[in-house]
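Here's a solo chain for you in structure tokens, the form predicted alone.
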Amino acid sequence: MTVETVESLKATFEMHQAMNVEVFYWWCTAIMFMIHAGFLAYEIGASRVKNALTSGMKNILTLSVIIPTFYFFGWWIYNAFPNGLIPIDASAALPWSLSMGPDVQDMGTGIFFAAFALFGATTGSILSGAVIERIRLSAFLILAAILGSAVWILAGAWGWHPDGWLLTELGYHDVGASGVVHAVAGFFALGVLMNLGARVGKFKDGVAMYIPPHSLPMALIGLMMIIVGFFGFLGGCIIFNGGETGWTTIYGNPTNLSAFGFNTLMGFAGGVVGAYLTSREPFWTMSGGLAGIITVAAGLDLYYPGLTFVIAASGGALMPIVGRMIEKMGVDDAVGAVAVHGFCGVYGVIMVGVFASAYPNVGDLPDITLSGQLIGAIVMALTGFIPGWGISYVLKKLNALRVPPHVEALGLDLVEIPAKPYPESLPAQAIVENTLEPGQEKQLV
């Protein structure tokens, strides 16, 4: 075999390796779309009939708003702010740079951008569920674009980027985005909810009333679809390397899909069991599967599967309790997003510090520590909550955050869409207990 033949075979092998990387993230991105189909079904089912289509439209528009805004400035934020709030040179990530378009020599930027854009869209969908049935569609889209293309990716620059200060200074470990996606989005949602206020009829004399979903089966199916999508999400959190390196985490630690496979499934099962034991309620139980995965996502590469089940079960068990505590505080989180994503995201980051403290990172990076994980969890919560509360407060003062009371009573579908989800059977303006004042139903006839 000649030298020329060897070099030709080597070039062919390297090309196919690069193509395999592209294919892997291509399908991770495609599977992640199932997350948004799931959130769409989940939120439609969780809404009352008169708000069902608006809840679905919010999820469709979330993708369509966050993807372009992430292209124009989100990807640049990730590359420009690893050191804090002072940007470094990231000209290659600007939308007019050569790497941000078709280039046969660049087989990485586009697919990584796509995966990150879908991560960002996930944060918008997390917010979407919490605020159903009373937020203006325009206000939601503003908040979703800021969360999905600026806030979470700033946290990602700090905790995921190879030069992120949480990693280089504290050894922060969060391979499955418990903190940078879920904690940030959950606490952003909490800040928005504090300004948005509760749905009409949710609280009577300070006591929370149960507002039933119009289709609990649809909500449960939606949650299962989200779980399917999270296999793409978590796959996108692992690095497919060429050559002899193999799979690594975003921090360069060796790992593989087998580790993620063991622990994702055990996280789902543990979360469901834990939530069932403390709630005995279908909605919370199914949410427990997602809560369990989020609880263990930060340490998917490190945990023994038996330990994963226990940690996930603890997160799943605590999640409904936290959800009820938030409700008693007067916060109307329609789908428990703050508990599922915010609390379990923070809890998951801290659990890595509890069970993997002193685990070494690659190179000169600090080891994992409990203090580093605690600080990282606090940073993630504050990074989400402060802009969530601040921006929604401004929108509230401009009277641009919430729909007027009469629109909420009629149903958002009649105003924001307008359309009826089930025109042959249940009109969109159907009267729902606790949503109208006495006598007001006559105005709708």
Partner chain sequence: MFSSPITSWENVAAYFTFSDSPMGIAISLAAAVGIYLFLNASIMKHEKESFDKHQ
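Keep in mind the model is a prediction, meaning the values are calculated, not measured. Positions refer to the first chain, counted from 1.
FYI, the form predicted in complex with its partner chain isn't displayed, but the following is about it.
Not displayed here, its partner chain is kept clear of V207 by more than 4.5 Å at the level of heavy atoms in the predicted bound form. The shortest heavy atom separation between T383 and its partner chain in the predicted bound form exceeds 4.5 Å. Its partner chain is not drawn, but in the predicted bound form it has a heavy atom within 4.5 Å of R136. At the 4.5 Å threshold, heavy atoms of A145 reach its partner chain in the predicted bound form. Residue V407 is the only one of A419, I378, I60, V407 with a heavy atom lying within 4.5 Å of its partner chain in the predicted bound form. Proximity to its partner chain in the predicted bound form, taken as a non-hydrogen atom within 4.5 angstroms, holds for one residue of L53, V403, I391, M34, which is V403. From the list 117-125, 77-85, 361-369, 99-107, the contact stretch for its partner chain in the predicted bound form under a 4.5 Å heavy atom rule is 99-107. Along 48-81, a non-hydrogen atom within 4.5 Å of its partner chain in the predicted bound form is carried by L61, V65, T69, Y71, F72, in order along the sequence.
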